[in-house]
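One chain comes next, on its own, written as structure tokens: the form predicted alone.
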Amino acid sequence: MKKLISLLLALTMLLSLCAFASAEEPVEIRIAVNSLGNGWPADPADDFVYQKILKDTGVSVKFDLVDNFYESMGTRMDIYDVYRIDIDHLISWGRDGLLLDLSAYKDNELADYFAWLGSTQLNAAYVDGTLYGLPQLYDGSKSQLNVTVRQDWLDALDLKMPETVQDLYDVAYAFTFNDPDKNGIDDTLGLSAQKNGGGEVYLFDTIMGSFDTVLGNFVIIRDGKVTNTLLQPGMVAGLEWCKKFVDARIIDNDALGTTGSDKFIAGQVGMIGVTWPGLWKQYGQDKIHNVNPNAVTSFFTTLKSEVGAEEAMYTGDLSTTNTIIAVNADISPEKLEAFFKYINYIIGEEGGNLVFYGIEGDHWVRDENGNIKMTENATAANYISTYQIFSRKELEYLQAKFPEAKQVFEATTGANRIWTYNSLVIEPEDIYLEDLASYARQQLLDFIYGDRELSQEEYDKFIQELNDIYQFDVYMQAAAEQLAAYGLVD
């Protein structure tokens, strides 16, 4: 009997050891990022996305927030397996041999990813013909800009939604001087804008779009040739219209330095160039109606072209938001396989729904038509955007998250843009692009505000200054050569 018990114990221990040996340890992938989602959990035990991915794939995905990202990565690159970086560093790190060439995996391990990616601009992921990065999905819906308008003010003054620059001027003038809120006080203004940190001047971009240009140094392609918004034939005529708005005192000059959203919400401004979320999500509409319960908002995207070009809404960069996912050249085969497993999981239906919306039944449910509907607990999943390393199919996401704003985000997504290519262009040495852009912006504003004579001759002098002082012509030659190397022009 004792021999039988001993045999059973030995067998039990053997089975336990076999079971332990067969259980795979999670493979950890460390991804270096320079920002994390709002409300990021300090403990992975509280991160339901991390736990679900670990359970479903056996991959432990750790996002590491790196302060002073590019400055400190020089001595820390070996710590991480994957990096979320910009195109400039993709190029420099790729050429330095620090990143893995992913070309060999494109047709097999990454085949589903590239099928999911669709027609996204891929040029930015290549360095000298080598695939060193994986771009984010770009479905045309990133640059969601519009002009939001007080429709009740239009109705009160028997005005129509602007369709041309002249219409925009007339409405802005009436909103400023014809008491659209009917309070008998001279306290309203026609046009404001959301401040933008990317160099554009939203306050005037609504006008300049009608002249097929933007106020600033933006590389564009026209008629198969590389050119710049500063060199567009309609620039001076567009500047003259901007000056007309300023001289008539119907535009919010404060919007060059601060956002005009607060003034719109307060009922002080009747039109504002803005990205749609701040005013069209429910909380934005609530803010407006808390101040003005009878306010009615509407919007438009583009004005008719004054130069025979396509109607265009502001500007958008074609290079997938300048964000690339790259892999450490020295990553182990085991970790690389785990990373591919993570990629294929988050682009699939179950994993995609997880990283876009959260846990089914908790943060979202299916409605009677099978569509995703967010629950009252949806805000608990706000932090999960970091897991969306390749972005998302925006229209599907917005429909689920913000159905109240469907009309405006569908319209802004479908509007034509002035596509720019700055992030694909690496400036030559000794050219300080920030200084060039800053000088150009200030001179353009000087033309508009009367601090510099506005004429074609004087504008031509300004372009010559850019060439002489900032080597603008050298920069544009480099842009032409680099975009030709990408195959975007002949």
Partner chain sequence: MTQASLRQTVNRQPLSRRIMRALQRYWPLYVMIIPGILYFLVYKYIPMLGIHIAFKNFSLKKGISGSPWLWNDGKEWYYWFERFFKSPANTQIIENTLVISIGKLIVQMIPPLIFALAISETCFKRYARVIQTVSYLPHFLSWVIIFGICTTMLGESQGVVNNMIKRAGGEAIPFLSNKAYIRGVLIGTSLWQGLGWSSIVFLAAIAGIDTSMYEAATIDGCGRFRKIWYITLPNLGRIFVVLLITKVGRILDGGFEQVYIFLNDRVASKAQIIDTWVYTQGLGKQQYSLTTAVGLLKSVLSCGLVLGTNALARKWDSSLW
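Residue numbers count along the first chain shown, from 1. Note that the coordinates shown come from a computational prediction; the quantities given were computed from them, not determined experimentally. Between two forms, the rigid core is defined as the largest C-alpha subset superposing within 1.5 Å.
Separately, the form predicted together with its partner chain exists; it is not shown, and the next lines address it.
Given the stretches 235 to 243, 348 to 356, 285 to 293, 254 to 262, which is the single one in contact with its partner chain in the model of the complex, using a heavy atom cutoff of 4.5 Å?
Correct option: 254 to 262.
Exactly one of 460, 28, 446, 46 has a non-hydrogen atom within 4.5 Å of its partner chain in the model of the complex; which residue is it?
For this set of options, the contacting one is 446.
Exactly one residue in 38, 35, 51, 442 has a non-hydrogen atom within 4.5 Å of its partner chain in the model of the complex; which is it?
Of 38, 35, 51, 442, the residue with a heavy atom within 4.5 Å of its partner chain in the model of the complex is 442.
Does its partner chain get within 4.5 angstroms of any non-hydrogen atom of residue 469 in the model of the complex?
Yes, residue 469 lies within 4.5 Å of its partner chain in the model of the complex.
Its partner chain contact in the model of the complex: residue 185, any heavy atom under 4.5 Å:
Taking the distances in the model of the complex, the answer for residue 185 is yes, it comes within 4.5 Å of its partner chain.
With heavy atoms only and a cut-off of 4.5 Å, decide whether residue 129 touches its partner chain in the model of the complex.
Looking in the model of the complex, residue contacts with its partner chain do not include residue 129, since no heavy atom lies within 4.5 Å.
Under a 4.5 Å heavy atom criterion, is residue 107 part of the interface with its partner chain in the model of the complex?
It does not: once its partner chain is placed as it appears in the model of the complex, residue 107 has no heavy atom within 4.5 Å of it.
Should the three residues 71, 268 and 434 be counted as contacting its partner chain in the model of the complex, with contact defined as a heavy atom within 4.5 Å for each?
Spot residues vs its partner chain: full contact, yes.
Quick one: which residues from 82 to 99 get a non-hydrogen atom within 4.5 Å of its partner chain in the model of the complex?
Sequence-ordered list: 88, 89, 92, 93, 96, 97, 98.
Using the core for the fit, does the CA position of residue 97 change by 2 Å or more between the shown form and the other one?
The answer is yes, as the C-alpha of residue 97 shifts between the shown form and the other one by 2 Å or more after core alignment.
Kindly check if the Cα atom of residue 296 is displaced 2 angstroms or more between the shown form and the other one relative to the superposed rigid core.
No: residue 296 shifts by under 2 Å between the shown form and the other one.
Please check if residue 215 moves between the shown form and the other one, taking a CA shift of 2 Å or more relative to the superposed core as movement.
False for residue 215: its C-alpha shift is below 2 Å.
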